[in-house]
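One chain comes next, on its own, written as structure tokens: the form predicted on its own.
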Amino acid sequence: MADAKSAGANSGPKTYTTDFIKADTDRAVFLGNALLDDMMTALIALGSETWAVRRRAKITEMLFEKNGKISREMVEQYMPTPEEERQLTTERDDFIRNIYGHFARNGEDVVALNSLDPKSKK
């Protein structure tokens, strides 16, 4: 039976790893303007925080309706029923569509809307 010294230092399986290479995506510009990128990042973060607060408020309301009392622990540990989860998902999707749906418009829609405005020049 060979010992570790006689087997050599490199007797283990070969690995193909390398050191981490940091990407510079923190300096990338996606919308053509760094300020627009920063504003979009802030808008998305604000939307997610707003939804988290709305969801927590809805859970608090559900608990109050069911139990007549609420504690922080009850809110933290609450698991919605499948029906409540579907309702929350529907409300979340409506929230997202209401807040971010405007970004799905294309330029032709904006032109069409502007053509309906009597103040716009044709």
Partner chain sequence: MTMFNRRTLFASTVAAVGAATEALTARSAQAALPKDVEPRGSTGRLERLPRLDLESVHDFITGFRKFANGDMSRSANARMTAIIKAEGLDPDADLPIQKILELTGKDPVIANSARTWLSAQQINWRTLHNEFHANSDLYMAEMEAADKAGPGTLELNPDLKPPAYTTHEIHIQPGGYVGDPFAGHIYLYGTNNFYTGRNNQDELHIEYASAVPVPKTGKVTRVLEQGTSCGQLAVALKQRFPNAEVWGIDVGGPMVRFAHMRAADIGVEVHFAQRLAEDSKFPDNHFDIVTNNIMFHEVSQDGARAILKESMRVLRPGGVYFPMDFYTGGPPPKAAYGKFRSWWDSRWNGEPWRLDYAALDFAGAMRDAGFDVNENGPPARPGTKRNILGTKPA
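Numbering follows the first chain given and starts at 1. Take the two forms, superpose them, and find the largest set of C-alpha atoms that agree within 1.5 Å; that set is the rigid core. Computed from a predicted model, the values in this text were never measured in an experiment.
FYI, the form predicted together with its partner chain isn't displayed, but the following is about it.
> Can any non-hydrogen atom of residue 37 be found within 4.5 angstroms of its partner chain in the predicted complex?
Replying inline: Residue 37: yes, in contact with its partner chain in the predicted complex.
> residue 62 near its partner chain in the predicted complex, any heavy atom under 4.5 Å?
Replying inline: Heavy-atom contact with its partner chain at 4.5 Å: absent for residue 62.
>> Given that its partner chain is not shown alongside this chain, does residue 70 nevertheless sit within 4.5 Å of it in the predicted complex, heavy atom to heavy atom?
In response: Flag for residue 70 set to no.
> Does its partner chain come within 4.5 Å of any heavy atom of residue 87 in the predicted complex?
Replying inline: Because no heavy atom of residue 87 falls inside 4.5 Å of its partner chain in the predicted complex, the answer is no.
>> With the partner left out here, which residues of 19 to 42 have a non-hydrogen atom within 4.5 Å of its partner chain in the predicted complex?
In response: Residues within 4.5 Å: 19, 20, 21, 22, 23, 24, 25, 26, 28, 30, 31, 37, 40, 41.
> For residue 17, is the C-alpha shift between the shown form and the other one 2 Å or more after core superposition?
Replying inline: After core superposition, the displacement of the residue 17 C-alpha between the shown form and the other one reaches the 2 Å mark, so yes.
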